[in-house]
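Form predicted on its own, single chain, as structure tokens, below.
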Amino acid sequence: MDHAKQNKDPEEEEDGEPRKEQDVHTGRRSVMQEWSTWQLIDSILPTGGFAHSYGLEAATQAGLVYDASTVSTFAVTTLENAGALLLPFVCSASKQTTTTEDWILLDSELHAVLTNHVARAASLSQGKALIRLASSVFPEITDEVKSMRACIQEKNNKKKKTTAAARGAHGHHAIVFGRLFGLLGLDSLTAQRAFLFLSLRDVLSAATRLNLVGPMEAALLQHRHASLAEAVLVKYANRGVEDAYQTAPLLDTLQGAHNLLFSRLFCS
């Protein structure tokens, strides 16, 4: 083995000449963006996603989900619904041309679409947790994130406002998630794929804790449904919010009934 090649400085070209500083930094930015993607979907990031079952707990207590087969069906339904209802909002929020006024309007539109009070509360909880973490975890976008947090805090101000920016934002998860991807320079399709990944991961994690499937079986289901998740992405990617719609009314009904459960493990 050529030890000279093995120990070659990564900042040198093949001919031994040092790379231009601009090229090195550009490459590093691209790599760091990939790391940011992985971090945003890592379970170590405490956004509260594992506190929600997306209606699975209510479906279990109603006797609609009880084994691996019905868990699989529920996961597929959740993916399809997330794709049709939420991906358009993630897509619009993740565009790098999105202004503060734009994402506040998107947030208000999603707030109106989520008529289910349990789903709405879960979305707000995760969104606000994510934006609090982002202000500490991603120093390169601190100013923008502080502005977003200020808009959310402004929502609690009871004074009359005349513009969307003055009225503030609710802080829904899909909007915050997409906006962070855009601010970090990540493309919209990556944001949408990551959002579907989280939806599938969280449902299967909930199924494990409800003892419907074991950890190995949940991992198998996640792998098995990867191609389906990609198909959902292809079907619903890059749509405008005017095309967002609910595909599973029963899922919405079950999630809305979560607060009526006598005993519950999850917040939703």
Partner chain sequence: MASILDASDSSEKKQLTGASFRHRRGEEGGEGALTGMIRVEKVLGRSVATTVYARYPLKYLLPSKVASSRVDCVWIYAISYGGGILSNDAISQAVEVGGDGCSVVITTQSSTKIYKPRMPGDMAQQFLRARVAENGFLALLPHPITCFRASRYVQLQEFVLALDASLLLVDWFTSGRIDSGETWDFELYRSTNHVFLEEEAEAEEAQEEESPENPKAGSEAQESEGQGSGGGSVASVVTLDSAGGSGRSKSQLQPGHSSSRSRSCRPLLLDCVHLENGVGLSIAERMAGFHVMAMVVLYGPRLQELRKNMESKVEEMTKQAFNRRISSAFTASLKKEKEKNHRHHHHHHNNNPAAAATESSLPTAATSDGDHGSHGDGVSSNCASQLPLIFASCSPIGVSDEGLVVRIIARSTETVYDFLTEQLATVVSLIGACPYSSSR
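Positions refer to the first chain, counted from 1. Since the model is a prediction, treat every value here as computed from it, not as a measurement.
This protein has a second form, the form predicted together with its partner chain, left out of what is shown; the following refers to that one.
When its partner chain is considered in the predicted bound form, L133 lies well away from it, no heavy atom lying within 4.5 Å. Residue contact check for A237: none of its heavy atoms lie within 4.5 Å of its partner chain in the predicted bound form. Taking the partner from the other structure, its partner chain in the predicted bound form has no heavy atom within 4.5 Å of any heavy atom of L220. Heavy atoms of H117 reach within 4.5 Å of its partner chain in the predicted bound form, making it an interface residue. With the partner omitted from this view, the residue of L198, V113, L183, L124 that lies near its partner chain in the predicted bound form is V113 [heavy atom within 4.5 Å]. Note on the partner interface in the predicted bound form: the residue among L45, A51, V241, V213 having a heavy atom within 4.5 angstroms of its partner chain is V241.
Contact annotation for the candidate site: F138, S147 and L204 all lie away from its partner chain in the predicted bound form (no heavy atom within 4.5 Å). Only one of 187-195, 138-146, 171-179, 103-111 places residue heavy atoms within 4.5 angstroms of its partner chain in the predicted bound form, namely 103-111.
Applying a 4.5 Å heavy atom cutoff to its partner chain in the predicted bound form picks out A244, Y245, Q246, T247, P249, L250, D252, T253, L254, G256, A257, L260 from 244-260, in order along the sequence.
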